[in-house]
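The chain below stands alone and is given as structure tokens, in the form predicted alone.
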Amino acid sequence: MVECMVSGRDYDVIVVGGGHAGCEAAMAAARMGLSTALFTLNMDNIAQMSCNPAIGGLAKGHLVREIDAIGGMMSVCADMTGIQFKTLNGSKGPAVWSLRCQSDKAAYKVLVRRFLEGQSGLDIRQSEIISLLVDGGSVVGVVDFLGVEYKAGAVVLTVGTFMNGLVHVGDKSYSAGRSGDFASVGLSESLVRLGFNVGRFKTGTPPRIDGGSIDFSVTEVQNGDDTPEMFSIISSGPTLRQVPCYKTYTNNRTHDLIRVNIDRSPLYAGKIKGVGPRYCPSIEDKVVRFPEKENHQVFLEPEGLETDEYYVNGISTSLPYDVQVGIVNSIRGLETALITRPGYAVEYDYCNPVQLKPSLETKLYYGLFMAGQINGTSGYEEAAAQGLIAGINAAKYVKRQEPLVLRRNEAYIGVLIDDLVTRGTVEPYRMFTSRAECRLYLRQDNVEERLSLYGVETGLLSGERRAACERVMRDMVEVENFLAASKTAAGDWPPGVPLIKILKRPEVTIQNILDKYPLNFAPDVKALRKIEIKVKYEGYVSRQMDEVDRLASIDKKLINEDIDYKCLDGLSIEVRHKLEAVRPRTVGQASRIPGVTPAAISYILVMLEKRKRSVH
């Protein structure tokens, strides 16, 4: 028998992995006019919510709103399939308000797949990609497990937890990317052969239980907001029926059961080698690390409208099944609860993100981009944000255009990517508002003003969303001009004061003013909310932006790509090694590398100035 070399069709962009990062990347590249292929291990699990069935949350809601402003699809899909919406931190300032929605996870993945299949120029293929095609210093395609080669102008890797995935439940371990799905076993080795630094992380998930076996009467009802905010500027309200979540607590019986069986945990028995997420610990971690706590919150979250399954948020575990049954049944309201799917931990390979440029293209090979958990992040939102940028920049690479690089002072997405490529990560990275120096400015309410121009430039923000953005910003200008030009009359607030100054008062709302001084047109309600927050926080933001401008000045100072840091004798060996590993593109990025001192930055500035003079 004669074997024939099989070649698949060629594409401009190939995306490997059908999770939240891959879906955004593939959709962005295709919408930018490039022939695109999305390869996934299982077409039925595209955009699967393998952990909690929710989108948004603290700082993560900011990312989803930013995705919307640039033209991504997670925001729209979340709004259309959300079954509870709630703004977190509502009692605090607008800078930390974060929208979160409970999702119907089955409806979400069906909707995402429908969008992908309806996008012209985008093919979806079910296959395992096991290696990359390289030509010199560029990646030019992929090879699947059947030996079929697919050529491409750029490749985006968004493989999630699937590279050498290993699932643990007690003393049972098996190869899987997540429970019920095969692992990817060839790609990681291919990356190592190509010179990439590959590490090992782990994450986990709690058991799911049958809602019909829960006694909700003894739990605390957690309703959504009466008039909820939405992620997308084009959404006016929820599409699906809204339902409550519920809250209960672990107790001493729960904790004693975990302590007695801690030696049966693969995490504490030494079976798990990967580093887990510090900010989303397993229940066994919580009990061991916080022995003084008598209880931990447990949230019962519905997985959808067409299922009775509930996600037990707060007891992520890899303990054996019999212990998981005991843990669940020890919790108030769950005494007779039936586990439908046990919790588990999954270990997987990731690539150190300092091997990436700020565009998410790798430094080792042109035309290869990475996004999502392969870069050491956790969470659907972090993955989708990276996927959107990687897809845009893969398309720009093929088109020979300058990449889109968001700065730290203009987007949480910019903070996320800069943290990864500059500092790397020694544990699964999660976004927090505290990571952003400019969080008073980087609010949920002003994403259109900050980022919609990028969406327009790439062509992703078009049609209804672009029209909505333009309408809201046009209304903002008109309302702000009216408030600045109009003054109070006698008998109201102090007479002769511009209305915009009255609005700065904490007790005055924009509606208070418009009730007395009506407009001659009906502005979009989103515009009114934006104006009110903008005016009230203008002073705080102005002071913060002064500091941002100072920091931005060194971020604009480019560092020559040909600098050999090993030869800079004025720097310590440690600093030289750090600079060589990251190879920062600006002085500002260099200043954010852990261990690079102010003295080292001063030396670099002097060195750059000398090089500049020698050129002239």
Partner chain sequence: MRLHDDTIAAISTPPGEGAIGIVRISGNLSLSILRSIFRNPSGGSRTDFASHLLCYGRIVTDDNLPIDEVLAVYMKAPRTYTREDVVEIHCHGGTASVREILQAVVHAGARPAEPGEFTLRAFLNGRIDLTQSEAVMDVIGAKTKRSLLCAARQLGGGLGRRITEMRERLIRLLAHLEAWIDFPEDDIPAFDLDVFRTGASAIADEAANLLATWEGGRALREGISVAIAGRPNVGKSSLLNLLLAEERAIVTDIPGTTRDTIEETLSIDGLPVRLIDTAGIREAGDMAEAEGIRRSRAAMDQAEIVILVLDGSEPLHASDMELASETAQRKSLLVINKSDLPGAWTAGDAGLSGRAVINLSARTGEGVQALMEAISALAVRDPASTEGIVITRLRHKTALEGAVLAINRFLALLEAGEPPELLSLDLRDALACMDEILGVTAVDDILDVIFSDFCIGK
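Residue numbers count along the first chain shown, from 1. Keep in mind that this is a model prediction, so the values were computed, not measured.
The discussion below concerns the form predicted in complex with its partner chain, not included here.
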property: Location of its partner chain contact in the predicted complex, chosen stretch of 63-71, 563-571, 39-47, 24-32 [non-hydrogen atom, 4.5 Å]; result: 563-571
property: Triple contact flag G93, Y540 and Y603 to its partner chain in the predicted complex, non-hydrogen atom at 4.5 angstroms; result: yes
property: Among the candidates R407, K86, K151, R208, the residue which, in the predicted complex, approaches its partner chain to within 4.5 Å (heavy atoms); result: K86
property: Listed residue that, although its partner chain is not shown, lies within 4.5 Å of it in the predicted complex (heavy atoms), from F299, Y397, F196, Y454; result: F299
property: Interface membership of S434, its partner chain in the predicted complex, 4.5 Å heavy atom rule; result: yes
property: Residue contact check: F216 to its partner chain in the predicted complex, 4.5 Å heavy atom; result: no
property: Partner contact for L440 in the predicted complex: its partner chain, 4.5 angstroms, heavy atom; result: yes
property: Close approach of N295 to its partner chain in the predicted complex, 4.5 Å, heavy atom; result: yes
property: Within 309-346, the residues that have a heavy atom no more than 4.5 Å from its partner chain in the predicted complex; result: N313, G314
